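Quick heads-up: it's one chain on its own, the form predicted alone, in structure tokens.
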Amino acid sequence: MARSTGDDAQALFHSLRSAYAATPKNLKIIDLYAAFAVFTALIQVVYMALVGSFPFNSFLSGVLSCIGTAVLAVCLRIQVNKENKEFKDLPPERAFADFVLCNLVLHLVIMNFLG
């Protein structure tokens, strides 16, 4: 007997939800931070579409800052995930220090781009 598409989608959603429930709390916090950065970039794009992009450098700097921060957060998540065997020898403190340093460099470049 064939299952409907709705049942398949519901089963997929349930399996993803149960798998994510087993995710450690520190990884969930990093996920939330990355989602917030992407959401902030989307708000800036919508604002630019509605109001205009007169200081285009400012708009571009804001969006690139948010997207760059989200990318760095995803890299941090990959490095501190215990299930990832590639970074098993890397301590979480070192991964966080790399994240902070890269964020510092990113935002110095963004501030330089503002003029």
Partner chain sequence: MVGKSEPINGTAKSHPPPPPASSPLSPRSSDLLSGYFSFKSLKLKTKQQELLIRVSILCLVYVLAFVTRLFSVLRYESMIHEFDPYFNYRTTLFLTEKGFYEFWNWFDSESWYPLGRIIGGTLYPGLMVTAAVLYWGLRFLRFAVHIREVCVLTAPFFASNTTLLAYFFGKEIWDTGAGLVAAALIAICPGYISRSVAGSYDNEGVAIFALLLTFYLFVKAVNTGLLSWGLASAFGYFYMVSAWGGYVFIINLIPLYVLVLLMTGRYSMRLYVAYNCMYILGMLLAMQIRFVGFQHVQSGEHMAAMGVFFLMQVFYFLDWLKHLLSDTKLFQAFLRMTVTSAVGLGAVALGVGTASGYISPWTGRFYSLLDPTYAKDHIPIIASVSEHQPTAWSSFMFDFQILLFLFPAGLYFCFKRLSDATIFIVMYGLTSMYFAGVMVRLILVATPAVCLISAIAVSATIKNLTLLLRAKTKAPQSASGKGGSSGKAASKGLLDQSQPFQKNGAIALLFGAFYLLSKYVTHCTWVTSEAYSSPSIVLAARGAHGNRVIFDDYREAYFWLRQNTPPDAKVMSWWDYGYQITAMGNRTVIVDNNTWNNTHIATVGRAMSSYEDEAYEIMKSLDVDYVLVVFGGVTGYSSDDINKFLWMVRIGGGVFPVIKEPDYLVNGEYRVDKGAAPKMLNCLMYKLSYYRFGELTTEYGKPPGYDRARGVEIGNKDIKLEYLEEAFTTSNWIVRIYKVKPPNNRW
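Positions refer to the first chain, counted from 1. On a predicted model such as this, the values are computed, not experimentally measured, just so you know.
Quick note: we don't show the form predicted in complex with its partner chain, though the next part is all about it.
Asker: Although its partner chain is absent from this view, report whether residue 39 comes within 4.5 Å of it in the predicted complex, heavy atoms only.
Answerer: No, residue 39 sits far enough from its partner chain in the predicted complex that none of its heavy atoms falls within 4.5 Å.
Asker: Do residue 44 and its partner chain share at least one heavy atom pair within 4.5 Å in the predicted complex?
Answerer: So residue 44 does not count as contacting its partner chain.
Asker: If you check in the predicted complex, is residue 67 within 4.5 Å of its partner chain, heavy atoms only?
Answerer: Result yes; residue 67 sits at the interface with its partner chain in the predicted complex.
Asker: Residue 90 near its partner chain in the predicted complex, any heavy atom under 4.5 Å?
Answerer: Yes, contact at 4.5 Å.
Asker: From first to last in sequence, which residues of 36-74 have any non-hydrogen atom within 4.5 angstroms of its partner chain in the predicted complex?
Answerer: The stretch 36-74, when checked against its partner chain in the predicted complex, contributes 56, 57, 60, 64, 67, 68, 71, 72, 74 at the 4.5 Å heavy-atom cut-off.
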